[in-house]
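The data below hold one chain only, encoded as C-alpha cells and taken in the form predicted on its own.
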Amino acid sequence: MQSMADISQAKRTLAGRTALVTGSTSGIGLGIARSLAAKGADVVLNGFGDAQEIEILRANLATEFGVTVGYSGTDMSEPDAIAAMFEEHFGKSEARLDILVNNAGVQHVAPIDTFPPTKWDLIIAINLSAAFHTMRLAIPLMRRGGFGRIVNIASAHGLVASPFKSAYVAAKHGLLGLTKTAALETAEEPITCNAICPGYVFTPLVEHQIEDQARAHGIPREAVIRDILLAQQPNKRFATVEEIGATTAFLCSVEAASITGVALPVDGGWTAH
C-alpha cells in the first residue's frame, strides 16, 4: 500500500520543471500558475499589480506548494523588456525553462470604424506578438533541456468571431496560427505547442462586468449571466480558473507528448454551434 507521502509525490509530476506564466498575478494566469506549482513545477510569475500584494502572493505560493516562485513585472508589449526578462531569469548556463504559458492579454470593444489605432496596436502586441517573442527565446532553452511544453491561452474568439472585438479576434486567430506553426517546427523534438480556447471564465474581471451590465441594463445579475455573457455558451455556466489550470497542467505532462498543434476549446459548447 502506498503511503500518503508516496501518493503526494506521485501527484508532483512536474517536479524539476520550470515554468513561465505570463499575466499570472490574477485570474486565469494565477489559476494556471497554481496548478503547475501543485504538480511540483517551479514558477516565474509575470504581471502588474501592487508590489506588496504580489510579494505576498509569490511567497504564499512557494510555501504552499514547496516550489521556487519568481516574479517579473515585465510589460509584455515591449520586445526588449521580454528579452531582458529572459536574460534575468533564464540567462545562466544552468537555468532551464521547460514550460511556457502565454496568458497575458488585454481587450477593448468598439466598432472597426471607431476602434482606436493605439488600442489595436496594444492588443496585437500583448495578445499575439508577445507570444512570438517569448516562444523565439524559449524554444532554444527547451531544446537545451530536452523537454518543452508551450501552451498559448487563446479564446473561443480564436475560433469564432464576435462584433466589436476586431483586434482581440484577430490576435487570437493569429495566436492559433502561431501555435500550429511552432508545433510543426518542433514536431520531431520532445517539445509540444498547443492552445487552449476558453469561453467565459469566472474571474474578478468578469465579476465587474456582471455588475456593470446589470446596472447598465437594469436587469438582475442572473439575467446578465445567462442572457448576455453566456448567450453563446450552451452549458450556461462559467468555466473556473481551476479547470483551465488543470487542462494546462495536463498538456504540460509526459502523457500529453503526442498532443501538439491543437486548439482545444474549453468553452461549454460555444464553438460546437
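Sequential numbering from 1, following the sequence displayed. Please read these numbers as outputs of a predicted model, since none were measured by experiment.
The same protein also exists as the form predicted in complex with a small molecule; that form is not shown, yet it is the one meant from here on.
Original post:
Is there a heavy atom of residue 25 no more than 4.5 Å from a heavy atom of the small molecule in the predicted bound form?
Top reply: It does: once the small molecule is placed as it appears in the predicted bound form, residue 25 has a heavy atom within 4.5 Å of it.
**OP:** Verify the contact flag for residue 148: yes if a non-hydrogen atom of it lies within 4.5 Å of a non-hydrogen atom of the small molecule in the predicted bound form, no if not.
**Re:** Judged by the heavy-atom cut-off of 4.5 Å, residue 148 is well away from the small molecule in the predicted bound form.
Original post:
Taking heavy atoms and a 4.5 Å cut-off, does residue 179 contact the small molecule in the predicted bound form?
Top reply: Output for residue 179 is no: heavy atoms all beyond 4.5 Å of the small molecule.
Original post:
Could you tell me if residue 47 has a non-hydrogen atom within 4.5 Å of the small molecule in the predicted bound form?
Top reply: Contact check for residue 47: yes, within 4.5 Å of the small molecule in the predicted bound form.
Subject >> in the predicted bound form, the one of 131, 193, 153, 100 near the small molecule [non-hydrogen atom within 4.5 angstroms] >> reply: Filtering the options by heavy-atom distance leaves 153.
Original post:
Of these, 179-187, 139-147, 92-100, 199-207, which stretch puts a heavy atom within 4.5 angstroms of the small molecule in the predicted bound form?
Top reply: It is 199-207 that comes within 4.5 Å of the partner.
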